[in-house]
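One chain comes next, on its own, written out as structure tokens in the form predicted alone.
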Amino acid sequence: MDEVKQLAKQATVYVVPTKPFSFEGTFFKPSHFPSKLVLYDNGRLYQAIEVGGHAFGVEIFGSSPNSQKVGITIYAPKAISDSIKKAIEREVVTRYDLAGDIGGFIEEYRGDSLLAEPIQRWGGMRPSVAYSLYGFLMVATVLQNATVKRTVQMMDALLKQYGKKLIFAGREVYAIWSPEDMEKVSETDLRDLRIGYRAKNIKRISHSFVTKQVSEELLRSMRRKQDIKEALLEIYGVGPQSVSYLLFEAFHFYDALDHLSPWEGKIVSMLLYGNKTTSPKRILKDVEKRWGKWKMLAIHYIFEDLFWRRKEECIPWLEEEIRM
């Protein structure tokens, strides 16, 4: 059963992101998988961040409507050290690309016919991921070959059995299990949760973290996109699509677009050409020519803007592609 921890407010730190910056565009992605690992409510983000083997509750907010500062309130069972505060601050800055430099993109493409409106609405939006590398791979594993509804069911079952429920600021979110804890779980027990072949993938990936075959710290220290890509592809069960997401969202390479899934390909094709049938090869070639070193960031702006609009209006062709 899930472990429950009641946490109390211990500290608040502030970060000043590079400009331009969009708080909501950066901290809430309507196209992302909905899970109990992250809660965005009333302009604030609630999640867990693990440091030193311990899970802390984190509440992230804009310090004021006119301020560019980001506040990070940390919740824990007891007082925390300055080193813990700094480690959590670094994780937030890294995961949400708060030190990224996208000013050149905004200036160059604010007049682009496809980007003008998304930039006007979300100028300063960053690529971001709420999870650690391990957490991202767990989510990606559950997402494989499943509808959103089925994925939510599987992740909820896993979190209830192996996650850590954190209660803070009147909210509940889960911290994902650690690779060390998952190492103690049998594949049979995982399969009993009706997650199918994903049980084997979860076990193999967890083992690679426990044995240090995979190190997020080491990957973050690499500077060449190709080196990171090759290292990620060596992880069991990780394919081109997951690597593409990671290179952009977690490692913040703004040009990380050399693969499109069939589902995304149809949506991008519709956005760029007004049809769902343009080949991924042509899309990738045209996007490279039009946006070059910013190509994935450009697609991100167009894609997220579409899903923000979906919250306010019905877009029939998009609903056909979203399997709930």
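One rule holds for the numbers: they count along the sequence shown, beginning at 1. Source: prediction; values computed, not measured.
Below: the form predicted in complex with the DNA, not depicted.
Of the listed positions (His252, Lys165, Lys85, Arg198), a single one reaches within 4.5 angstroms of the DNA by any non-hydrogen atom in the model of the complex, namely Arg198. Interface residue among Thr73, Ser208, Gln241, Ser178 relative to the DNA in the model of the complex, by the heavy atom within 4.5 Å criterion: Gln241. With the DNA omitted here, the record of contacts in the model of the complex names 145-153 of 87-95, 210-218, 145-153, 166-174, defined by a heavy atom within 4.5 Å. Annotated contacts: Lys29, Gly62 and Tyr134 are all free of the DNA in the model of the complex [non-hydrogen atom within 4.5 angstroms]. In the model of the complex, the DNA sits beyond 4.5 Å of every heavy atom of Tyr273. Among residues of the shown chain, Lys160 is not one whose heavy atoms approach the DNA to within 4.5 Å in the model of the complex. The closest non-hydrogen atom of Gly100 lies beyond 4.5 Å of the DNA in the model of the complex. Ile322 belongs to the set of residues with a heavy atom inside 4.5 Å of the DNA in the model of the complex.
For the stretch 212-239, the set of residues having any non-hydrogen atom within 4.5 angstroms of the DNA in the model of the complex comprises Ile235, Tyr236, Gly237, Val238, Gly239, in sequence order.
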